[in-house]
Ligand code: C2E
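Form predicted alone, single chain, as structure tokens, below.
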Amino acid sequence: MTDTAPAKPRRILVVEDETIVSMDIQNSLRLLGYEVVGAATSGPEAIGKADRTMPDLVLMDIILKGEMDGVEAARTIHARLGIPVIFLTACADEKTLERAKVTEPFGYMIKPFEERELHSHIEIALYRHRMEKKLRESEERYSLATQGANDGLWDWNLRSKEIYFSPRWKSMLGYRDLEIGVSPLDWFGRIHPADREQVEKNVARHLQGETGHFESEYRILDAKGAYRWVLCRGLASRDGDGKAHRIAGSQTDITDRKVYNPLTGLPNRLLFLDRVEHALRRTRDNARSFGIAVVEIGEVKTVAGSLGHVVADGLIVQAARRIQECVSAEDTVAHFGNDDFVLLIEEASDGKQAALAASRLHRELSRAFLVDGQSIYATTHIGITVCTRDHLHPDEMIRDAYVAMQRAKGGGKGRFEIFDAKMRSSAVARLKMESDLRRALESGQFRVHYQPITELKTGRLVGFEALVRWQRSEEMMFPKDFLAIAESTDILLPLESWVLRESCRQMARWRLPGGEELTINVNLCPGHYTDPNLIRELDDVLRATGLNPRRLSLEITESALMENSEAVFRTLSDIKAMNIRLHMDDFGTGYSSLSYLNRFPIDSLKIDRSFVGNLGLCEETWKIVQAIVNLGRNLDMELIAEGIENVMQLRMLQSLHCHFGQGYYFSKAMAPRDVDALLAGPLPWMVLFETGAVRAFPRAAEAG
């Protein structure tokens, strides 16, 4: 156990012109446990000794030797040295008392007095001095913190209804000190009208004790007439009854964090809406129009999946730089999301100017991007709307530009569209179809139909292709009517998963009369082949349905091979290891890269219906189909021709030794009950192969 050092005695200076009285006071002080640092009989002597010894307290008589009395000496000691003073005097007149007050004494004792009375006055004076010193130090720290803090501080006295705003609180908004008063209106009156009610509610809830602290983000008007985003926090002080009597806190400028995209440093949606609002007001004043453009960089997700997010971010940053170089200093380029840029183009006052702006953007963005040593080509889709009298709010213009961009996206790669009123009707219809599609999946409105696939040499049935249909009320809808919309949402993958499971379930129970097994072809979109859960999903479906994996064939498009090729290659290799076959769908309409054919484990090529439909009508088509068949045979791949509609196409494909075919010449896609009937009897087209009879069918309007 360690001993605590005894407290040092308090040091006192005695100022008294009568020697006997002075000695008596000094003796009393020593008996009370104080240290006497000295005695003085005049004002100047008292000031000198106080300066040299720096006592904790001065006992001061008012009547002293010389011209300076005790009041004058006390005033100097208090002002210069900050040492507390207690007057010990026989003077009790009002004039002397008034003079003494100026020195802010810590006591005023009238002679004669008792020793215990002196002791209590000294102790109270010393205690008060310590407390005032701590308070001054605290105030100094607060003042320094207030002046040095990046945040603006505020302190609201709820009883006096006055608010103290620190210099930083005022300067961050561009106000001089006297331009902000102490009224709550100086604060709340500057908050954006759309935000004020919520801020007031948040303050009230905290003052009522419903929340642990006050916090709110809002816009506040600065001295230049613009709104800045701030984050405000505060904490209330409460009395013994829990009632708040004071609330203090800080205000932080978060404009940059709130309105600028952290990756590109460009304005985000919040700031862009504000800029468009200003442009709309300006347009109403001077009838000068402007344009809004939406630019989508199409390869960002693919790059992120194949080369990583760092490379994808580099692509976005470079794209942002190029877009900025395409516009003037008056224009605004905003970055809304990963791959969307939105532009306010001042010069796009009509369709012609808008088209010129879009052409510039396409030209710049079509050049290769060099990111992390990789050359990347981006596909851009651009939608533009020009301000009209119908546009009353910024959101309306941005919405219309997005509608135009979606139209451009649906029209092919590298396109732009300028908004017109018909697009809005189309967008509303599209939105309704999206909503209906979600409900259709939940309520079981989809159906799987099955189109027979035959061996072209013999006519025998070898399998089916699963094709989805949508029973939308009384209307049966085909994939061409809804798959593009499903693909642009999150509906397509779960829809394909349902088709996969349902078609495998059906195929597990279908056999030819002799017991021969049939195959089922199922289409999966590119997104499914990059889904890390696909292999597990296939395994679950095969286990649940009992289907032999050799009877399942998955169809993949050429574009899927090009997107995230490394991930797709691994997935296809895993699929092949499961003994599932792979068909390349619509061959000849995409990249047709021989290197991809050689690298990926493809079993069959499907000749697109656009080529088959022109057989006999165009010599070039005959040569293309012949080349595809020869290519497939040389690579030991099977060939399947889609869209066979008449005997001439059949005979030409037979002459090329194409292995398999499907189309209306044999059968349209059939409901499950019709497949049951087909398998129960003789195949209706077999007579054509046995007798050589000719049958012609009209060209089908239905797309698989």
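Since this is a predicted model, take the numbers as computed values, not measurements. One-based numbering along the sequence shown.
Absent from the display: the form predicted together with the ligand. The rest refers to it.
With a 4.5 Å cutoff on heavy atoms, Q353 does not count as touching the ligand in the predicted bound form; it lies far away. Shown alone here, I628 lies farther than 4.5 Å from the ligand in the predicted bound form, counting heavy atoms only.
The closest non-hydrogen atom of E45 lies beyond 4.5 Å of the ligand in the predicted bound form. Interface membership of V468, defined by any non-hydrogen atom within 4.5 Å of the ligand in the predicted bound form, is confirmed. Residues within 4.5 angstroms of the ligand in the predicted bound form, judged by any non-hydrogen atom, belong to 641-649 and to none of the other stretches in 30-38, 53-61, 674-682, 641-649. Screening E555, D313, E502, D436 for any heavy atom within 4.5 Å of the ligand in the predicted bound form leaves a single hit, E555. Put simply, of E417, E496, D339, D274 only one has a heavy atom within 4.5 Å of the ligand in the predicted bound form, and it is E496. In sequence order, N523, L524, C525 are the residues of 509-533 having a heavy atom within 4.5 Å of the ligand in the predicted bound form; the partner itself is omitted from this view.
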